[in-house]
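Take a look at this one chain, the form predicted on its own, written out in structure tokens.
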Amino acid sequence: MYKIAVIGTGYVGLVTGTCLSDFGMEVTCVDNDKTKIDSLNNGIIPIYEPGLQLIVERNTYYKRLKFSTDIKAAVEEADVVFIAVGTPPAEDGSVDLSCVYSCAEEIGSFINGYKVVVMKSTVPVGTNRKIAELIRKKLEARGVSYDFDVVSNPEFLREGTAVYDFTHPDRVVIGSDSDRAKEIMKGVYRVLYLNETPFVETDPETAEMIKYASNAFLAMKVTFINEIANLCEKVGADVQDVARAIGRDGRIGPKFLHAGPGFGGSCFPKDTRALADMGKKHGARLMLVESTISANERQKLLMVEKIEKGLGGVEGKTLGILGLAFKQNTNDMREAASITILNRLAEKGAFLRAYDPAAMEEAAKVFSNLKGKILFCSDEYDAVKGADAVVILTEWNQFRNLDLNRIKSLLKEPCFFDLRNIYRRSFMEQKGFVYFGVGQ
């Protein structure tokens, strides 16, 4: 059984460390944010992720999982050290790797024997080689010589289903030139290996590219169906039936074919921009990816136009907003479509009454610039009270079964903008609503 250190207790680090402890490993999750570590040691989880709280509680109880700010002790005690720190986008679309490089130098400062250093964060091709170089330089500066290997082990976690995705992955990618490191990684993921999860063993550069290619392809799939939806509206077709039919094709598949206001979150926007930047720097421009980025931004603005046109203008109108997070089952507001849409609606003179089941605290920070223009409400019915229209922005399950008679009675006008296509037009019109979907 291996001792694991996970540096970074953000979304990826916390899920990775917690699930590995549930696999029977001794795991120390490390972060330089003392407030966050104190909260975790007091049982307070900083992210909203279904199922995670219970696993944290179980493994801290059995002392397989602990949280610390002492990176030195964590690295010295560990056999395998995961780097799971943030890789935010720079202004030019490239990736800010300062935290990753800082981690590598700290690891090099504290290595006291053979270690496998695992890159879990999403990083551009070539980063794992750079990490190895930084660690070697630190060892040379210390005047010591310890063997180590660096492994690229990208994550494929979806927010809202991350625990399931970690424990039931489609594949595990292990990128390394070292057979020794690969065997250790198989030991770390022994539970998955025994369950016959496919393992893709390759070199670090290929592993790094797999992550970006996967996210870019899925982002393109989302954007494709959104563009088809826009055309459906012009020609009188129904995008939901189109998506259902093409999704039956085994070469295409049904996932990520849900028309809506555009993708957001911590991965797709950042990773598509980073991949496009990589292509430009290496003289191999990725025109499909670049088009995906611009089309996704355009999709958000088209939603504003849809609302404005449907209401004959939004100045002086009150809108009941249901959903703020970029998707259901998360409190993550990063790159959420709601940010562009609500800011633009407010600029055009709309007043917003908003509710989200999990993201209210984060949304209050994100929309601090809209003071006096947005009111955060207690529930979905409070949000639509006295509004000129309701706008669904996030596909939370509780919005799929609204008391529509109550909603209608609370609205000034029965205008319903369903930007996630939760309801069918024919059903909503029977209920007496003026209904606006996407691609219907």
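Keep in mind it's a predicted model, so treat the numbers as computed, not measured. Residue positions are given as counts along the sequence shown, with the first one as 1.
If you look for the form predicted in complex with a small molecule, you will not find it shown, but the lines that follow are about it.
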- prompt: Within 4.5 Å of the small molecule in the model of the complex, do E155, K211 and R334 each have at least one heavy atom?
  reply: yes
task: Considering only heavy atoms, tell me if E106 and the small molecule come within 4.5 Å of each other in the model of the complex.
output: yes
message: Taking the small molecule as it sits in the model of the complex, is G8 near enough to touch it, meaning that at least one heavy atom pair lies within 4.5 angstroms?
response: yes
Contact of D149 with the small molecule in the model of the complex (heavy atom, 4.5 Å): no
field: Partner proximity in the model of the complex: A84 to the small molecule, non-hydrogen atom cutoff 4.5 Å
entry: yes
statement: Exactly one of N329, T122, Q299, S176 comes within 4.5 Å of the small molecule in the model of the complex through a heavy atom, and that residue is T122
Position in contact with the small molecule when the complex is considered in the model of the complex, options K182, K138, H258, K270, heavy atoms within 4.5 Å: K270
- prompt: in the model of the complex, which of the stretches 368-376, 403-411, 55-63, 24-32 has residues with heavy atoms within 4.5 Å of the small molecule?
  reply: 24-32
